[in-house]
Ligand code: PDD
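First, one chain by itself: the form predicted alone, in structure tokens.
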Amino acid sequence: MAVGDFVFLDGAYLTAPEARISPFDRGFLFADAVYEVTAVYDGKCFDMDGHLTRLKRSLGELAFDAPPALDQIAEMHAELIVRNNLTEGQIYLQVSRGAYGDRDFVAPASTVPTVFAFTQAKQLIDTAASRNGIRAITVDDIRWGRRDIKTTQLLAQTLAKQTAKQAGAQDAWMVEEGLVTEGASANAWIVTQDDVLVTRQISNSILSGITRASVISRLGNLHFEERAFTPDEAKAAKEAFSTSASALVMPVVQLDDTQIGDGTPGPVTRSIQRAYYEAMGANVQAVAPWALA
């Protein structure tokens, strides 16, 4: 991924070397911050309304004082796309509770958030992983109890990703009390032997994924259930995949040492990829003909 030349920090567009954030910022000292990652395709943000709605909810759940206006956040995303000539990739946005020249667990009653954003150019659709699928491993879910808030407390997810890499895998599916919660940075899905599409129901245990919601809205006549499933059920499934703004619809063809289905992305996964790419405005025949199979 290539970071764009221009970033946004507290109302100003700066080159990345010019951006300075206080070492007393509560995002740095306490991970007292929330974030969003929005996909950009053909120079436009996708599912932006969903990301803004979730941002507003996260800020509200953490009782941020004077949160940034959502319309200004949307305008800033559009401006960063133009300034960085971004065609395909993503925009990372982080809002912390700000800096106050001291370190105290209790924040001041009145706060001024730090708002920071930058772009990353990357190929989203036509990638080897999207075409062929990835391997994932299962790991214990050791996160805090409010995973529905998209905070920057990502140490558990970072450790999960590192464990996956050391195992020769590309992702990790986290498990709590014998049930899959979600991927390290994505929502987890399976297609059962009875052709039922399954993903975990929304609760404090998982993040309410924007790509997840967008996919659900486009399922058509597919039989769909929102419920938890076990790692063994996933390994016995016909198909598996994950959804996220950074990887879109990603086939999972192996979990731990078990091949899922025939070890290739299945027809349901392909149909969901195709529908999602088309919704983004992609010419699937041109950029992802393998999704038409």
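Computed from a predicted model, the values in this text were never measured in an experiment. Residue indices: 1-based, along the sequence shown.
The same protein also has a form predicted together with the named molecule, omitted here; what follows describes it.
Novice: With the named molecule left out of view, choose which of Asn187, Gln90, Ser130, Thr114 has a non-hydrogen atom within 4.5 angstroms of it in the model of the complex.
Specialist: When the named molecule is considered in the model of the complex, the option within 4.5 Å is Asn187.
Novice: Going by heavy atom distances of 4.5 angstroms or less, which of Gln157, Thr199, Ser96, Asn84 would be at the interface with the named molecule in the model of the complex?
Specialist: Of the candidates Gln157, Thr199, Ser96, Asn84, Gln157 is the one lying within 4.5 Å of the named molecule in the model of the complex.
Novice: Would Ala237 show up as a contact with the named molecule in the model of the complex if we use heavy atoms at 4.5 Å?
Specialist: No, Ala237 sits far enough from the named molecule in the model of the complex that none of its heavy atoms falls within 4.5 Å.
Novice: Does any heavy atom of His77 come within 4.5 Å of a heavy atom of the named molecule in the model of the complex?
Specialist: No, no contact at 4.5 Å.
Novice: So in the model of the complex, is the named molecule close enough to Ser58 to count as touching (4.5 Å, heavy atoms)?
Specialist: Close contact is absent here: in the model of the complex, Ser58 is far from the named molecule, nothing within 4.5 Å, heavy atoms only.
Novice: Hey, in the model of the complex, is Ile210 touching the named molecule, heavy atoms inside 4.5 Å?
Specialist: Close contact exists here: in the model of the complex, Ile210 approaches the named molecule to within 4.5 Å, heavy atoms only.
Novice: Want to guess which of 241-249, 222-230, 254-262, 45-53 is within 4.5 Å of the named molecule in the model of the complex, heavy atoms only?
Specialist: Going through the listed ranges, the match is 241-249.
Novice: Could you list which residues of 97-135 come within 4.5 Å of the named molecule in the model of the complex, counting heavy atoms only?
Specialist: Arg103, Phe105, in sequence order.
Novice: Against the shown form, C-alpha atoms of Val106 and Arg146 in the model of the complex: closer or farther, for a change of 3 Å or more?
Specialist: Compared with the form shown here, the C-alpha atoms of Val106 and Arg146 sit farther apart in the model of the complex, by 3 Å or more.
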